[in-house]
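Before any questions on how it binds or moves, here is one chain, the form predicted on its own, in structure tokens.
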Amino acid sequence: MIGKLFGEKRLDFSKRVALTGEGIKKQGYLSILQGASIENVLVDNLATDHGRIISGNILNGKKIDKTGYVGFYHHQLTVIPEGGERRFMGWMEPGFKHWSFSHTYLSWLFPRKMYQFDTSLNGGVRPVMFNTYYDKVFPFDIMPVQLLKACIAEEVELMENLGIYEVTEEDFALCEVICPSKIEWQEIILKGLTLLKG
């Protein structure tokens, strides 16, 4: 926008966004106006009436409604089916259609299979468990579980020793996805970072 303002002497509020997710019939790129309602964009393009519309991606985007708008820093609009339906046998079913990082379901025997994701948590909030799952998806050489607990306890010195200055909340998105405890990692880390700034 700034480049076109000085280079071409005109204001350009258009932005190119990607329409993604299983809740969209026709995926692709679309040119929209910054701050305009997405209602016209989604007309006749929703694959489900019960979908969650996200400004951004599914890992760290923001939930919006049908009359909302794409965030200033987002270049993606994602729609995925709403979950929340209880399954017949819960975690005891074989789960050939359900993805699982921890090998809870037998679907891990088919690594190339494509899965349909929705907003289901697949369980409730539980205590934080020490395991090596997080180390497999965390991009830095720090201890994510210990850092999370330091942020919860608001131990500033421990947070600094564990490397809080090297990360942002988005770095913990995959930890949140695979978390067997269903904990909102990004929100907790953001509170820790906010505590340090204040």
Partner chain sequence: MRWLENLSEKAEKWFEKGKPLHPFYAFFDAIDTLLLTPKETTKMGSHIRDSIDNKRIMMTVIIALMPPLLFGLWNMGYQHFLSLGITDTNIWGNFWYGFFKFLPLVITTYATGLIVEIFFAQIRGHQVAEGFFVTGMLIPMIMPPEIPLWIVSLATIFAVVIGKEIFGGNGFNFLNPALLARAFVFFAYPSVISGEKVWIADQADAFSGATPLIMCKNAAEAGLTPGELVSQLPSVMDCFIGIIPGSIGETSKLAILLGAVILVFTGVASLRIMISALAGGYVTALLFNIFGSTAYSQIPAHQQLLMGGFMFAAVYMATDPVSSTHTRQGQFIYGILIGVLTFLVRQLNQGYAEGLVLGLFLMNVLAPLIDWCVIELNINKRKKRAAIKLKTINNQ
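Numbering follows the first chain given and starts at 1. For clarity, every value in this text was computed on a predicted model and none was experimentally measured.
One more form of this protein, predicted together with its partner chain, exists but is not displayed; see below.
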TODO: Check, residue by residue, if Arg10, Asn40 and Leu46 all come within 4.5 Å of its partner chain in the model of the complex, counting heavy atoms only.
DONE: no
Open item on the list: Does any part of Pro111 reach within 4.5 Å of its partner chain in the model of the complex? Heavy atoms only, please.
Closed with: no
Open item on the list: Please tell me whether any heavy atom belonging to Gly83 falls inside 4.5 Å of a heavy atom of its partner chain, as the geometry stands in the model of the complex.
Closed with: yes
Open item on the list: Does any part of Ile152 reach within 4.5 Å of its partner chain in the model of the complex? Heavy atoms only, please.
Closed with: no
Task: Ala36, heavy atom within 4.5 angstroms of its partner chain in the model of the complex - done: no
- [ ] Any residue of 135-161 with a heavy atom within 4.5 Å of its partner chain in the model of the complex counts; write them all down in order.
- [x] Asp135, Lys136, Asp141, Ile142, Met143, Gln146, Lys149, Leu158, Asn161
